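One chain is shown next in structure tokens, namely the form predicted alone.
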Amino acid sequence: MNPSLQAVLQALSGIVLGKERQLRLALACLLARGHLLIEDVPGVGKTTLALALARVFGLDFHRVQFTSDLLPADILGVSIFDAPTATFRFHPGPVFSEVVLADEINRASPKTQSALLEAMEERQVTSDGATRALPDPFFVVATQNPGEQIGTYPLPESQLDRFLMKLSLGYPSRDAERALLIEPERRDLLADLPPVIGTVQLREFQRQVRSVRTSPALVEYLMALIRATREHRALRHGLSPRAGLALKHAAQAWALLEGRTGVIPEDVQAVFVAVAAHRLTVAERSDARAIADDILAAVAIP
């Protein structure tokens, strides 16, 4: 692994304890220029992970607390009349940040959730007839509470598809929880966390991800996995072509983290469930993650 990326992972591991695999997936998501959705119960470190990712790269960070009365303009910005010049002046919203934390995104109405669709896909915002570019890099980390909790709205498929990966942190291990209780507060440690690498180097890593080689045999493996999701009897809809590209980019990022110049099947397998499960439309009483695992086990490696 590149020493700089190894240092990033070590810094993250000092903040979010005992979650090495989730940290590697989150870092791969950022390197692949994707967006990250974290679903879990409150209090397991979702917000801490988002803030730590911003800190280790020295990125501008803004948190938006999604609530039922949040409006699209609260995210995108608004034009306000300027009396001295007799013109309207646009005041950018929090979406014009390098890292945006959409906290508890499923507590806002679908109308407000949809305000992020253009930003996450096109990396731009159109308001009052003008299109404004977002920063580069631009990374959305959204957290959501489990759907059975009170006051939540389900994310529509179009919104879910904007997230490259969906993760769950889960409760800490016994040793990690003991360290959390004994050591200083994670937020205090975050305040003293210096950037490990800068924005220019991050953009270079993101450029390198797209140049990681995918052989013809590896492409056939990707196509076999995608086709298996479309033919599975427990799924109403499988992966789209855009999801196939997302899977490829995520595998390239994982390969880069592993220090390889080409993608191997194990890289695809490492990211498949995180990339695919939230995009699958399941039949009643089916579990998307279990089906994704079954597909991985059933599809032969070429």
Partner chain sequence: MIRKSPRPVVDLLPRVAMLRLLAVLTIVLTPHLPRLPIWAAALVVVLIGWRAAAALNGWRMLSGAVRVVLTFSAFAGIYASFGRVSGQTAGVALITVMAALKLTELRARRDTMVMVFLMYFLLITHFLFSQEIWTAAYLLVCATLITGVLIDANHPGGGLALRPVLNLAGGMVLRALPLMLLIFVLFPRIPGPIWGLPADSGAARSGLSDSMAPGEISSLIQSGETAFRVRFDDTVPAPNARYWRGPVFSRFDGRKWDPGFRPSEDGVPSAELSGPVIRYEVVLEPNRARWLFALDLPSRFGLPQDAELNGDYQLVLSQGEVRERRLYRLQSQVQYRLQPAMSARQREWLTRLPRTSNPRTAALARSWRAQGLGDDAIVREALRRYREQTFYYTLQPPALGRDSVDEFLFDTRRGFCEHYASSFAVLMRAAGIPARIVTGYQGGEKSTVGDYWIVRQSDAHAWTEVWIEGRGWLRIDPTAAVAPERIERGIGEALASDDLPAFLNPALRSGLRFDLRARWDWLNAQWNYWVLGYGPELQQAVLSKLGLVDWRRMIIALTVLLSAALGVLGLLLLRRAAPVNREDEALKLWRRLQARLARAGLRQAPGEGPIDFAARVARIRPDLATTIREAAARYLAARYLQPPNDAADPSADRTARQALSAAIARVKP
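None of the values given here were measured: they were computed from a predicted structure. Residue numbers count along the first chain shown, from 1.
Although not depicted, the form predicted in complex with the partner chain is the subject of the following passage.
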query: Among 58-66, 44-52, 26-34, 258-266, the region lying within 4.5 Å of the partner chain in the predicted bound form by heavy atom distance; finding: 258-266
query: The partner chain contact at P216 in the predicted bound form, heavy atom, 4.5 Å; finding: yes
query: S211, heavy atom within 4.5 angstroms of the partner chain in the predicted bound form; finding: yes
query: 4.5 angstroms heavy atom contact with the partner chain in the predicted bound form for L5; finding: no
query: Partner contact for I301 in the predicted bound form: the partner chain, 4.5 angstroms, heavy atom; finding: yes
